[in-house]
Each structure stands twice: as structure tokens, then as C-alpha cells.
Ligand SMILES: Cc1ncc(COP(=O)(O)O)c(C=O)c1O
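Here's a solo chain for you in C-alpha cells, the form predicted on its own.
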Amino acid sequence: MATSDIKAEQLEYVLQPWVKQAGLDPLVVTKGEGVYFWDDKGEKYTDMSSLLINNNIGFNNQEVNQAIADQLSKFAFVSPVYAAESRSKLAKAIIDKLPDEFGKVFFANAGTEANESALKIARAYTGKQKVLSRYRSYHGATQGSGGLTGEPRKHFSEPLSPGFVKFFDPYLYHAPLKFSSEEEATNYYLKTLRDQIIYEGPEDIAAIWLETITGSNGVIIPPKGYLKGVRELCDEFNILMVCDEVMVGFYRTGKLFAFQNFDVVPDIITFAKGVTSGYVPLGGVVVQSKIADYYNDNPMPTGLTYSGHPLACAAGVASMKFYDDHKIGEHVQEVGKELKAALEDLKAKHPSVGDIRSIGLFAAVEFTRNPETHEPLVPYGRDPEGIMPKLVAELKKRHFMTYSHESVIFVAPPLIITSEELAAEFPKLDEVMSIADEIAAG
């Protein structure tokens, strides 16, 4: 097809998620290699958001490509009621890298399905219905995962089924009180959460659902002791702790899963994205053995035709091997230090940059109109002047490809990025921050 026809047919026949369809002008992508991709005009772009924070291993990884081809040469699909080598191997590879408490994996096809499935598992296991999750969170777009979601995209799932309760995150940059330390903030937020548990009735609460590190709502990293405190509350009140690792799993933070940075063990983990880096869609739910054992004598409350799709699992097995063979965790930790330092240097130059939050190769640049009051560059839940799309477009002109949410721009390149490749992108970001300075100054 001519590239002009590709774009025309995309616009005529495809509904693009989350945006108004009028006025769209999608880039026609023709190939990708490593951290770069090219359009139909031969222009080269740097993927500085890992597409949707999922392209962890970069484009055109030959080891994963070959694994998919090898599986395809045997069979593309077999029902999840049959044993398949790639499915079994991937489940074992994940369990082998986790604390001893974990026992089994249920495979889904994406992050939203992983959370939807985990919701059914948690409710059936506990016999309780209520679930607490945070306002600044995104867990998916289906009815159950939409109910878990706290940010404005949840409104598309409303009215929600009963049982979803929201609480406030420890978002220290916008905290209503001034705290002298992270520990003081942790104590405050844990006290309010404990009160809410009591008010809601712990005997009715099945789970507390957390993005281990809040992802698309701004890379909000929990303050010291917060996750351990939530774990203790869950233990005290017999509530499951669920960590949504869809965005931060598979070495995004330098660890296989982000919770491993915080000396805590959840009861359930949900994952997707980096398990295959999008080469084939795949998600999943990892449960502790106590939960897996419950289902020895009780039926699983969920199922999917494509659970553990053999092609996806083959991609997952090859990805896990790639992560190990290339020591991606250690690489992310080292290059992540360079990313954080460079962003902090840029923050010092630009008054519109209110906060930098970074762990591994997962970073957010939050823009402000006033560095003293922390007033966001755009109001929460709306952007009437289109300021953030303008900044993203300016980055696109410089072939720095990422996206925004609220007043935040994400910097989360593929985990294979080199120090030299990363350094080449900071002058582009510097230029666009200057544009943000002008906008913030009015």
C-alpha cells in the first residue's frame, strides 16, 4: 500500500483510543530498530516513552522474533486447557524470580484483563466485595478495571458496579500539608487510610489495589515506608494487597517488579506490557501459594479463550532470557542514574519545571505555573488551551517521541538505550522546556 493510503484508511476505518477523531494526523511508521523508528518519509525518531511504556526491549529484537517464528512453525494456538511448552516455561520463569510466597500465574491478554481477572480472583478468594484503590491511578478500561481506576478516564466506565472505594495517594508535590520528611508524610497518609478502612468496614474489604509506582498519572513514587505500612494494614485487617505492575514490571525500575525496591511482598501481582514488550499481547496475574491452593478445591472464577497464548508466551520466554543474558536490570540502574541527574540539571535551569520524579528508566517532568505554589501548568482533568499537546508536538518536531498526561511529560525510553543515545535527547528536551517557561510566565 502507498503510505498515503495507509493513513487515509486508518482515519476512515479505525477508531483511535481516548481522543476526538476529528483532526487526527497519525504518523505512518514503516520500520523500527532498537530505540528508533522511521516514518514513510524516512525521518528517524527516538522512542522516549517506550511507545506506551511497554517497548522495553526496543524494536526488532531478533531473539524474540525468532522465538515467535519457532513457535509458529509448531502451532500458533492451542486451548488453555492443554499444556503448551511456552506457557509452562514462562510461568515457571516468572515464579522462579519471585519471593517464595508466590505459587502460580494466570495469563491474560493485556493489563486491563489482568486487573479484571485479579479482581474476580480476590473477591472469590476472600468472599468480600469492596476494593480500595487510589484517585490518581489507572488500572484499565474495562468495567472492573475502570472501577479500580481513579483518574478522569474512570468516568467512561460509570455508572460503576458497587464496591469500589477511592482514597488519596501520597502525592507529596501536591500534598495539602507541609511535611518535614517522607516518614512524616507516610504516617499521615497511613493514618487516613487506616481510618477509611475502619469506616468502610474491613470485614467487607477484599483488597487494597495499588500501582506500585503510579504510572500514567505522573510517576508518583511512594514515600519511605509507605508500601510496608499498607502491607501491615492489610495484614491487620485480613485484606489482600494487590500491586499493579503493568507499567513498572519487567525491569522498568531496575528490578523485575517495582515492589522489590521497597522490601514488601504483595498477595497478588498484575503484569503486562514489558513481559513481551508488545511483540504479542500478553498480561497476567501472579498469586501467592495460599491463593493458588484455594483454587485446588474451588473453581477459578474467570477464564479467557487466549489465556497463555502460545505465541505470546514464546515471546515472553525469549524476553525473560534477553533480560537475563543482557543484564538489563543492572543496565537500567546505571543508565537510570544518568537520566535522573540530567533531568535534575534541566530542572535547575527552567522555572516551569516544578518536579522531577525518576526511578530506573521511568521518569516524569511535571510543569508548573508557579514553583512556589506548585500550581499545575494545566488544570486537573482538562487542558482548554491545548498546552500539553503543544509541548508534545514541539518534542515531535525534534523527533523526541513521548506523550503527556495532566501537567506531566514522560521520559521512559526502551531499557536497552545506551548512555550516548540518551544524552543525545536532552538538548531537545531543554529547548522545549524553554517553551514551557514562556507559557508559564504568561
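Remember, predicted model here, so these are calculated numbers, not experimental data. Throughout, we count residues from 1 along the sequence that is shown.
Same protein, other form: the form predicted together with this ligand, not shown, and the subject of what follows.
For the residues 275, 246, 148, 119, the 4.5 Å heavy atom test against this ligand in the predicted bound form is passed only by 246.
Of the residues 352, 253, 133, 112, just one reaches this ligand in the predicted bound form with a heavy atom at 4.5 Å or closer; this is 112.
In the predicted bound form, this ligand stays beyond 4.5 Å of every heavy atom belonging to residue 267. This ligand in the predicted bound form comes within 4.5 Å of a heavy atom belonging to residue 140. Proximity to this ligand in the predicted bound form, taken as heavy atoms within 4.5 Å, picks out 104 to 112 from the listed stretches 221 to 229, 104 to 112, 69 to 77, 289 to 297. Contacts between 376 to 395 and this ligand, taken as any heavy atom within 4.5 Å in the predicted bound form, involve no residue at all.
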